[in-house]
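What follows is a single chain, given as structure tokens, in the form predicted on its own.
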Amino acid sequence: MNNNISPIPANPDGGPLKGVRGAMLTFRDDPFRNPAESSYDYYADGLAVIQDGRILDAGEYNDVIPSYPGLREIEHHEDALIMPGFIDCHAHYVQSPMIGSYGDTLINWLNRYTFPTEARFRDKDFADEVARMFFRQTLSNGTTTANVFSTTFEASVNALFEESERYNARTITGKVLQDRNLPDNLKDPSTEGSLLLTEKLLAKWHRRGRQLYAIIPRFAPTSTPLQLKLAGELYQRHLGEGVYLHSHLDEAENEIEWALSLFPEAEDYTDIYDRFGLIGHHTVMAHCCIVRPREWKRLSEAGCGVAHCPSSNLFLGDGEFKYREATAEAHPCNVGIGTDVGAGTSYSVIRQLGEAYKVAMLGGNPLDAIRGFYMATRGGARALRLEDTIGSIRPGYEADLAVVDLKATEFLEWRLQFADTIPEKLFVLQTLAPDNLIRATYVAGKKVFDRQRAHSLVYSSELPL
């Protein structure tokens, strides 16, 4: 192997060995901090050996196969590129019913579309329906890990975790905390009660299988100082257990002005969260379009993750994420990609990379495909502090894989013949990104999505080992 990671011995008492074969791409270094050309491994004819949902070995087929004489089941994906499952660092599954609603400004859009839609999630049947559709969209787009906002109601959290558990996907979510400045039918009726419900759901779901919990103040303007204080205390108590803090930061000018008018003692927007103990190494902040140098420094030193949500920011005209500032040597942050559905306009993380390139070009700083696909995989895992678990095709990692079809459309196949290098091919994929680009998606080694199967999506529990 090129990345100096030793294979893991097969467990004689474990499940059967399984192989996934085809052209394969995985990252081992951060191309924002290292030369891009040496940051990834590409196997023209790769093989990943899987047992019990984890990767035992990966590399060129001819190098790997001699060590596994008992390996009989190998799924061979020709005319495809096998990559780590994509990681969506910020999405609102509860906004799926309103995706594509007319934008206007962020605040007006929230009041007109978002809040009325989210108020419907006190109904468990409705929440279940939307959760089912959310996973149908994400898994068919190769996304195997998502960091997701639910909403105020317990039903919204349970619905998403339950559906995620059926697929054995890795999902981070939690009850949204919001006790002011939004309609009464969505607002937490009790500040103290909102934290008690959060603790209840955290105890139920955190580290149950592959599920992880996040404490989620929507954003500073929709929480009272007391709610932020209690949320910070809860976060600090559970930080060592890998519980997350997920919120929005510096998305739009009018949002920043509003937040600072409500918290005039704060030095900047980041300082609002910091004063309440909400900035830490498991904090993930979405957007970060208009960030002051002091804020970047603080986010970096705390080890926070940042979710770049390009299609959402373009759709609402909020601001332009400045990836060079976010990854600057003086204060580097771990940056992943977020679809931000429903302001984001697609569940496809690959499509987001095409949009991220456009945002970067508006600022005069082109974003190449190697850095983009890094953010979609290993970079996203680093932003979520899961870089030793997901985001790479390496021994010991969970076997989450996305199979990208290089012949998904006639035109894509034709266009790719003029792309000679891996970076060129990746750039074509993110720019064209047809709806049927993903051929198959593996979650913990099981093919839960197969575009060529009669029932393309199947729950993990219904599939053989």
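Everything quoted here is computed from the prediction, not taken from an experiment. Don't overthink the numbering: it's just position in the shown sequence, from 1.
Only in words, not in the display: the form predicted in complex with a small molecule, which the text now covers.
Taking non-hydrogen atoms only, Thr270 never approaches the small molecule to within 4.5 angstroms in the predicted complex.
Contact between Phe276 and the small molecule in the predicted complex is not found at the 4.5 Å heavy atom cutoff.
Of the heavy atoms in Thr114, some are within 4.5 Å of the small molecule in the predicted complex.
When the small molecule is considered in the predicted complex, Asp88 lies well away from it, no heavy atom lying within 4.5 Å. Though the small molecule is absent from this view, in the predicted complex it lies within 4.5 Å of a heavy atom of just one residue from His206, Arg218, Lys322, Arg394, which is Arg218.
In summary, among the residues Arg371, Arg378, Arg351, His92, the only one with a non-hydrogen atom within 4.5 Å of the small molecule in the predicted complex is His92.
Stretch 106-114 is the contacting one of 197-205, 299-307, 106-114, 237-245, since its residues have non-hydrogen atoms within 4.5 Å of the small molecule in the predicted complex. Contact check for Asp405, Thr441 and Asp450: none of the three has a heavy atom within 4.5 Å of the small molecule in the predicted complex.
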